[in-house]
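So this first bit is one chain, no partners, the form predicted on its own, shown in structure tokens.
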Amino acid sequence: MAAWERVWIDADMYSQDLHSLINCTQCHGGQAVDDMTIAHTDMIDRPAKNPETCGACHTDVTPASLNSLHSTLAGYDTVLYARSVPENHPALEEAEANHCNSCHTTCGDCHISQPYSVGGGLLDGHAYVQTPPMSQTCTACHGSRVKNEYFGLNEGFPSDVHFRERMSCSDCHTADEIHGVGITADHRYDGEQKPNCEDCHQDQIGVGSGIEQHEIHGTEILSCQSCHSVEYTNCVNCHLSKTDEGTPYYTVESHNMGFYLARNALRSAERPYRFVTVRHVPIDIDSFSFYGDNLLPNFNNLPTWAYATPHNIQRNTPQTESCEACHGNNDIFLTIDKVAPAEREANASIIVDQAPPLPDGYVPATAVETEVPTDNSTDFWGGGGDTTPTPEPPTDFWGGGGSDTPTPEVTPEATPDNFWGG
């Protein structure tokens, strides 16, 4: 936005908004006088953060919204406290206040202006916008991962099929969900799945759907994203700090594209899946070291590869091409070689020892009856049978040679032979 666009209020247009009947000072503070020096004293920086502003009229929504995960830092507290101890909570809360509060939003950050975290700026001349524009509000905060995935901004990967159908965030995420109405949650994956793929695709899921792959896998082996997501961003080692002038900032060591299935650490009646997509979150044992020493002494209490619901859904993906794309294919499973040695204990409960095998008696669709030469001197394609090169040993995910892979500190739970129900 140009600077003037951020603050320009069209008086004629705004006069038609019901909110124009409210005096500016009622929300923004200051004094309703002609003297500009006095008028702008005691201004309220983010008026919608105050429950007495929007909440004075919108009593059905505001209390829930101000206690929702969009407004509070309860989601961060849940995971950080699990890795920490009570005496370290004040230091962690100081870090959150410096680095997280500007993102966690107010009513005005969605309905009046762009979010504070991206510099604000009025959406429509201070008029109330009932349905927040996706590209100026939702993806302003959920940008580095969700926006790039959904819009197809990761090079080489298409946009989400729902985006290609011109669907915005609010087509799936209802107003009550966004406002937290009727929801009590300490983490975004607490309780019921909202939204749920079944909300729109009920007849296409599980037994009775008429879709062979869905019939076979049912609704408890794999999450929908396990088959219908493609590669997404994984970030490594975030560290918080401040400049010499006191401005908070953060750095991320690296990020990469990848797709990984792991055991479901959040398995429950609401999320019964055995395998789910996981994303590496950029937590590090020293992420908060600027604010104190050893602030995460229980770092290994939670996985660093977290349950994920990527926003890059496709009808056809590499996983849907054949049964062998998943079964017997360790490349897409979070096997121990893909986990940094220092994080293996934290992820022990979700690491997969090996990809599930194909069912007994399965005949690959690619198998065709062809006369194969019986002469052992040549292979099927005509080359010498004993000249086939020996495959190179696999390279460790973190850059080391396969033969130099450290002895793992953990032993992953064995994949059940009876994948289909054992």
Partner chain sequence: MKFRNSLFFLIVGFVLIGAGLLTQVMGVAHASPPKVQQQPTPVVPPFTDIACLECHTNQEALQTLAVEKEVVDSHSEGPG
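Values in this document were obtained by computation on a predicted structure and should not be read as measured data. Heads up, when I say rigid core I mean the largest set of C-alphas that superpose within 1.5 Å between the two forms. Positions refer to the first chain, counted from 1.
Omitted here: the form predicted in complex with its partner chain. The next part is about that form.
In the predicted bound form, its partner chain sits beyond 4.5 Å of every heavy atom of residue 158. In the predicted bound form, at least one heavy atom of residue 119 sits within 4.5 Å of a heavy atom of its partner chain. Taking non-hydrogen atoms only, residue 37 never approaches its partner chain to within 4.5 angstroms in the predicted bound form.
For the chain shown alone, residue 249 is a contact residue for its partner chain in the predicted bound form, at least one non-hydrogen atom being within 4.5 angstroms.
Note on the interface: of 342-350, 323-331, 270-278, 139-147, the segment with non-hydrogen atoms within 4.5 angstroms of its partner chain in the predicted bound form is 139-147. Shown without its partner, this chain lists 89, 194, 255, 188 as candidates; in the predicted bound form, only 255 has a non-hydrogen atom within 4.5 angstroms of its partner chain. When its partner chain is considered in the predicted bound form, only one residue from 44, 358, 57, 64 comes within 4.5 Å through any heavy atom, namely 57. Fitting the two forms on the rigid core leaves the C-alpha of residue 11 displaced by at least 2 angstroms between this form and the one not shown.
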